[in-house]
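There is one chain below, alone, in structure tokens, taken in the form predicted alone.
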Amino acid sequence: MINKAVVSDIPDDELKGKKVFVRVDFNVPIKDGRISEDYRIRRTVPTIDYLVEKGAKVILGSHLGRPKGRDLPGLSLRPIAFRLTELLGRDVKFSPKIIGKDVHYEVDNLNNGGVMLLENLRFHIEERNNDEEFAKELASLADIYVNDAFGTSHRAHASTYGMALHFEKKVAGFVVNKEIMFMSSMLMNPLKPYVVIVGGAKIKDKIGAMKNLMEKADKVLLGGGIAYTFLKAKDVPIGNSICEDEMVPWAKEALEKYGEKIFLPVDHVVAESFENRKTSIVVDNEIPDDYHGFDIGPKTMTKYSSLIKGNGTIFWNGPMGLFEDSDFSSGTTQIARSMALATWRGATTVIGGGDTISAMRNAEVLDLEITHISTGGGASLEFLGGSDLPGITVLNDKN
């Protein structure tokens, strides 16, 4: 899965005039036709620019949201075509259709170096079902396949896996190649000391990665709902805090095996409920029965920040609490700023997951203050868990 061919491995004369389908990840927040965060779009520009400069005809395909096979105007990719036009400095055509004669006509009439964006692939239920005929129809649009959507590479969907099977040339874009490089180094040979920060609601979604991360890491800092499952495994009162009861036995085993490297919150920001949000700080982990823990407390912030520094590698996936609300965002904000400071001190810092990226933005941490920002939360975790990613394994090997 690691040694994959990249778009730059294709000779120039094999790109000029060729139709190249690029699976991109433009799953960005859009409200009332306005894009509020375009990081994933900007990341794809080098791959698109490269193909344009080589004279290829570029067809872009992406999903947005979960329309479940319905044509929903609020999930149209049309606003992204406008944004891409600005970013690329050239006209980006938009196709309201995904397959059919009209699309073939538009593709065939693209000039060399032309760019066209297809409508939301998930407007067709066949996309998520990896329908063979749909995949074959998509593949018929192009001569070469490029995967530059790391965030969806763990899904065997029509545009990430099924259609790639129909190409002789199927390679990684620059985004996917960079993700593979960073994730591979973290999986096999991370610079030491290796500090891992894991938050979010559920262990179940991250268990494969957590097993590998706990094995390789020197320190594992836990927050969010995951921390409450581990605290319950230690028989610590967690009140009504979010907890995966079915994962408590696994958490107990992990504590027995890796207890000396696992760090858990020692205080919490609590409230009776999200609606009744009169907050207070609970220390020594004694959360009352009728209260919820919504964020790590100041002592935990200080402790975690002291561990996120220096040389080595630091990987962060998942917020420390309900960061979307300002009353419960301090812990996550502090982690984001500690990550930035660690970068300036020489650490290799990696952030993965949409929520984690949003938290970084909320903390006003700049892209250049983090070594690598992964566009794929689930994909990066599955990669680090040692799982094959269908969208990557299907690509040609280098040489």
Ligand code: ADP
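The structure displayed is predicted, hence computed values, not measured ones. Throughout, we count residues from 1 along the sequence that is shown.
Below: the form predicted in complex with the named molecule, not depicted.
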query: The named molecule contact in the predicted complex: Lys206, any heavy atom under 4.5 Å; finding: yes
query: Partner contact for Met320 in the predicted complex: the named molecule, 4.5 angstroms, heavy atom; finding: yes
query: Contact flag, Ala201 vs the named molecule in the predicted complex, heavy atom cut 4.5 Å; finding: yes
query: is_contact(Phe294, the named molecule) in the predicted complex, heavy atom dist at most 4.5 Å; finding: yes
query: Gly224, Tyr228 and Asp355 each touching the named molecule in the predicted complex (heavy atom, 4.5 Å); finding: yes
query: Option touching the named molecule, based on a heavy atom within 4.5 Å in the predicted complex, out of Ile242, Val283, Met181, Met214; finding: Ile242
query: Listed residue that, although the named molecule is not shown, lies within 4.5 Å of it in the predicted complex (heavy atoms), from Asp91, Asp71, Asp143, Glu324; finding: Glu324
query: Contact stretch among 347-355, 58-66, 33-41, 363-371 - heavy atom within 4.5 Å of the named molecule in the predicted complex; finding: 347-355
